[in-house]
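In the block that follows, a single chain appears as C-alpha cells, in the form predicted on its own.
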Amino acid sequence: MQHKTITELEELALGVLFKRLTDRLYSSIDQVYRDCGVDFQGSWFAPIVSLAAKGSQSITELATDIGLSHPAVTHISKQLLQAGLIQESTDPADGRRRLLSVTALGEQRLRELQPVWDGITETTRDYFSRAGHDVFRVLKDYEQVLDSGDLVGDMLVAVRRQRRAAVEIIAYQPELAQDFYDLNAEWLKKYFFIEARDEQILRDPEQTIIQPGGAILFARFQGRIVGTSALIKIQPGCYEITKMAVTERYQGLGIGRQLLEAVIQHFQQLDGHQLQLETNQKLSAAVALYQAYGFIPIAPPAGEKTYQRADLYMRYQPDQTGVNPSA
C-alpha cells in the first residue's frame, strides 16, 4: 500500500489545514500588534469584543457566545485579567457567580486597536479577493452545515459502510482449515470450553461439514481471515448454522452481520426450508443479531444435547418477526 502525503489527503486533512491556517493567522496578527506597539494578542480578540458588546458575562456565557471551550476561555480570561483589560466581580443576584467585564483600560485598548483592526480587515478582504472566493462566507456556510448536521454520527455511518465494503466473504478452501479451528477455539475457550463435538467438527471440517452437503464461509478483511460461519446439513432441506466466530480484535465492525447474511443467502440458494441454530443466552450480542435476522426461540429438541453449553434453540422464521435485517 502506497501512503499519501498530507497535501494529497485533501478532505481527510481538513483539520490539519485549518490548524495550519489558524496558527499562521494568529502568528501574523500577533506580529502586527507587536510592530504597532500594542500590547494585545490575537487569542484575546473574541472574548474582549464579546464582553464589550454584551457587558458582564460569566465564563460559561462567554464560552457559549464565542464558541470556544470553557477551559480555553478560562485560560484567556486569566491573561486578560492579568493584563488589566477585564475585571472580575460578583453577580449581585447570585454571590456564587463570578462575572467578567471590560475595564476602563480595556475600553481604551479597544479604541487604540480599531485602526489596527480596520487595516487587518482591509488586508484580509484583499487576500480573499486574490483567492477568487468569498472565503469568509464559505467558512460560515460550512459552519452552519456543521451546526445543522451530526458530523460524528455521519462519519461513523460512512466508516461502517467503508469497512463493510472492505470485507470479503469467501468459501472454504483446505488451506483455511486452521483458521476455522483457531477462530472458533478463541471464543469457545473464552466463554466455555471445547467439547468433543466441537473438536470433531473443527479438526475435520471437510468430512463433517463440506462432504455431507454443508458449507463454510470466511470473512477476509484487509487480507486477513477474521471470521467464519458454517452451515451443516442435518437432512434434506434442513440446515443448522454453527461455528460462527469473529476474532475479538475485529468485532464491532459488522463482520458478524455480514457472515450471517451470507450464510442465510447460501441456505436459500440450496433451497433449504428449515434453518436452525443452538446458542447460549450468555452470548447476548450474538443472540440479538440472530433475533434481528428473524430467528425465534423454539423448544429444545428431544434427546441428548449436542452441546452442553446450549441453552437456547432458534429457528429462522423472518416472516413472523417483522424485523428488518438492515436496521
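The first residue of the sequence shown is number 1, and the count goes up from there. This is a predicted model, so every value here is computed, not measured.
Not pictured, yet referred to below: the form predicted together with the DNA.
When the DNA is considered in the predicted bound form, only one residue from Gly149, Pro236, Gly95, Pro115 comes within 4.5 Å through any heavy atom, namely Gly95. Residue in contact with the DNA in the predicted bound form (any heavy atom within 4.5 Å), chosen from Lys282, Lys54, His70, His273: His70. Of the candidate stretches 78-86, 181-189, 115-123, 244-252, only 78-86 has residues with heavy atoms within 4.5 Å of the DNA in the predicted bound form. For Thr208, no non-hydrogen atom is located within 4.5 Å of the DNA in the predicted bound form, even though that partner is not displayed. Using a 4.5 angstroms threshold between heavy atoms, Ser101 stays clear of the DNA in the predicted bound form. Under a 4.5 angstroms non-hydrogen atom cutoff, the DNA in the predicted bound form lacks Arg20 among its neighbouring residues. The DNA is not shown here, but in the predicted bound form it comes within 4.5 Å of a heavy atom of Ile59. Taking the DNA as it sits in the predicted bound form, the stretch 27-52 comes within 4.5 angstroms of it through a non-hydrogen atom at Gln41, Ser43.
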